[in-house]
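Next up: a single chain in structure tokens, the form predicted alone.
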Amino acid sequence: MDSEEIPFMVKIEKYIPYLLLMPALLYMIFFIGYPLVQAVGLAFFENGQFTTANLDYLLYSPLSKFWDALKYTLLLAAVIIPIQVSVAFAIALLMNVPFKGHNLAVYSVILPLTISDVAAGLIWYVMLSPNGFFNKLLVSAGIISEPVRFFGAANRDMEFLAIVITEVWRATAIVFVILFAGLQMISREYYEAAEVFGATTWQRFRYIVFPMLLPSLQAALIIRTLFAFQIFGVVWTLAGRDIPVLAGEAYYEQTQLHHPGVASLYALIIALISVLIGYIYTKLFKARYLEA
């Protein structure tokens, strides 16, 4: 009986990797693959026939704000992501040094992560309104004589600034958590060896910290860029359609104009841009020491 069980177990063992991959594979099929196929179907097919009507509407209709949405989405990503990465990097390096109240400081930095994007938008809308805390503080200090107006279609640049401030405050913690975790994983032995050989602070950063933090930086940039192209709640709360963004236009086309095909096209464009940028990040920030 034993001689029959052993070959059977050996035969099963070669399928174990596939069985272990099965949950992830099923997840991708049902929650990514199926919606993706449905989106392509809604965007390019009508009554079983291929059509470019939704694409024509998106690109050429006077009702479409696609080009403005693409411009503002890219602008927001180009402004917000470098600020967040720089700020998060600086805070992570600071928090990597033990000091009194270290844990409290880390929790304080992470706290905005617990607030939803809509709630963050409402908080900053109240703070930056003409009668809000920010204007009252500046008027009381004598820095300005009249409140700064951040909102309204006539103040689009200030609305853009309000969105940047809110996003930096709310989502920098995401980048910080990833970079801080990466710093914590660098062994102290590297620093000690560098000190023995007389390396300066800059040399330790250049030859130890930065190269070993590249995988974490790559992950942080990919995740943050994906979120940047999905930005919606904060923009919708602070500026509505004064500053159109891709995700916001997808929502508007679906819920207000009842154009599911156009909304699906927006979703596909967001996905395509995210994949392209993710691919670029993986090429630019590949950790060389992992290639060996």
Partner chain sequence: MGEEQIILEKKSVVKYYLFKILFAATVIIVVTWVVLPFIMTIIYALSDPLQYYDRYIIIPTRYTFEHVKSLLDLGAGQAIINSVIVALLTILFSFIIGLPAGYAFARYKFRGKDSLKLFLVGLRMFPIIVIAVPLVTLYLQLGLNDTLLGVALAHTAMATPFVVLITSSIFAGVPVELEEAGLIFGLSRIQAFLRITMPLALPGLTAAAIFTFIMSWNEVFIAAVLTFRNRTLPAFVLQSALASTDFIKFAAAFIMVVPALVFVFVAGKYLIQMWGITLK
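Residue numbers count along the first chain shown, from 1. Since the model is a prediction, treat every value here as computed from it, not as a measurement. Between two forms, the rigid core is defined as the largest C-alpha subset superposing within 1.5 Å.
Keep in mind that the form predicted together with its partner chain is missing from the display, and what follows is about it.
J.: Using a 4.5 Å heavy atom cut-off, which residue among Phe66, Phe44, Tyr57, Phe232 comes into contact with its partner chain in the model of the complex?
T.: Contact with its partner chain in the model of the complex is made by Phe232 alone.
J.: Go through Val79, Met212, Val177, Leu217 and name the one with a heavy atom inside 4.5 Å of its partner chain in the model of the complex.
T.: It is Val177.
J.: Quick one: which of 186 to 194, 154 to 162, 131 to 139, 70 to 78 gets within 4.5 Å of its partner chain in the model of the complex, going by heavy atoms?
T.: Of the options, only 131 to 139 has residues within 4.5 Å of the partner.
J.: Indicate whether Gln203 is a 4.5 Å heavy atom neighbour of its partner chain in the model of the complex.
T.: Close contact is absent here: in the model of the complex, Gln203 is far from its partner chain, nothing within 4.5 Å, heavy atoms only.
J.: Can you tell me whether Gln38 touches its partner chain? I mean in the model of the complex, with a 4.5 angstroms heavy atom cut-off.
T.: The answer is yes: Gln38 has a heavy atom within 4.5 Å of its partner chain.
J.: Even though its partner chain is not shown here, does Val97 get within 4.5 Å of it in the model of the complex, heavy atoms only?
T.: Although its partner chain is absent here, Val97 would touch it in the model of the complex, with heavy atoms inside 4.5 Å.
J.: Does any part of Ser108 reach within 4.5 Å of its partner chain in the model of the complex? Heavy atoms only, please.
T.: It does: once its partner chain is placed as it appears in the model of the complex, Ser108 has a heavy atom within 4.5 Å of it.
J.: Of 61 to 90, which residues get within 4.5 Å of its partner chain in the model of the complex if you count heavy atoms?
T.: Heavy-atom contacts to its partner chain in the model of the complex: only Val87.
J.: After fitting the rigid core, is the C-alpha of Tyr27 off by 2 Å or more between this form and the one not shown?
T.: Shift at Tyr27: 2 Å or more after core fit.
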